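Encoded as structure tokens, the following chain is the form predicted alone, with no partner shown.
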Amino acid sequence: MSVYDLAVTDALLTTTRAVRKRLDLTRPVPEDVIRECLEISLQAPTGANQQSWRWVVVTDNEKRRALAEIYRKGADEYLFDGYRQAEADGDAQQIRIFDSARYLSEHMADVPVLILPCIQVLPNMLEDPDIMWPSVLGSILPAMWSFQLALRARGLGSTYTTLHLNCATEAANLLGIPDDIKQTGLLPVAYTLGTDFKPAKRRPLDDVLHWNSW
């Protein structure tokens, strides 16, 4: 017998969407809400218990605008090409995704909180990237997802973006991020317009499941 309410837990896990067009760009996000969600994220598993995550929270208007411009610079070509390909393929779902991604790029500066999840990476950690990169990302991605789930439970939304990493050096210079701290993404955070999110359309489990062998 579960010690948790499975209906509530499963609803949280299956309806935490990548939120772009439904971010409320007009409602302020209190600092204590961000801190509370980040405190929860620190309970996520971390490789060798190194706890090497770092979080850069950007609320300053000028820095948000500058970071949004860096994001747009890194994103525009990819988003334009992706939208054009989706149109050529007649893929309605991908058209909606790229349309919402372009919307976010155009309005990133208006999102009240921008958060860069980072992780400390030592030089010797990159000697064998096939082993170390999964390990490095495995120490930050669980914390990021915990943070996003905590936001969702409080009526906020976010989406995991990485396109600004095409210009990661510019972002590091803007925010004074040290050389041994690697950015792993950018999370725009805001309250959501409504909370009626639903499970997404996904491929059947048996299409992607391999049991005991491929």
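Position 1 is the first residue in the sequence shown; the rest follow in order. Here the structure is a predicted model, which means the values were calculated and not measured.
Only in words, not in the display: the form predicted together with a small molecule, which the text now covers.
**Student:** Of these, 22 to 30, 39 to 47, 55 to 63, 162 to 170, which stretch puts a heavy atom within 4.5 angstroms of the small molecule in the predicted bound form?
**Tutor:** Only one stretch passes the 4.5 Å heavy-atom test: 162 to 170.
**Student:** Under a 4.5 angstroms heavy atom criterion, identify the one residue in 136, 116, 143, 104 near the small molecule in the predicted bound form.
**Tutor:** The residue from 136, 116, 143, 104 that makes the contact is 104.
**Student:** Which residue among 132, 97, 109, 121 has a heavy atom within 4.5 angstroms of the small molecule in the predicted bound form?
**Tutor:** Residue within 4.5 Å of the partner: 97.
**Student:** Quick check on residue 12: any heavy atom within 4.5 Å of the small molecule in the predicted bound form?
**Tutor:** Residue 12: no contact with the small molecule in the predicted bound form.
**Student:** Test of understanding: in the predicted bound form, would residue 18 fall inside 4.5 Å of the small molecule by heavy atoms?
**Tutor:** Yes, residue 18 is a contact residue.
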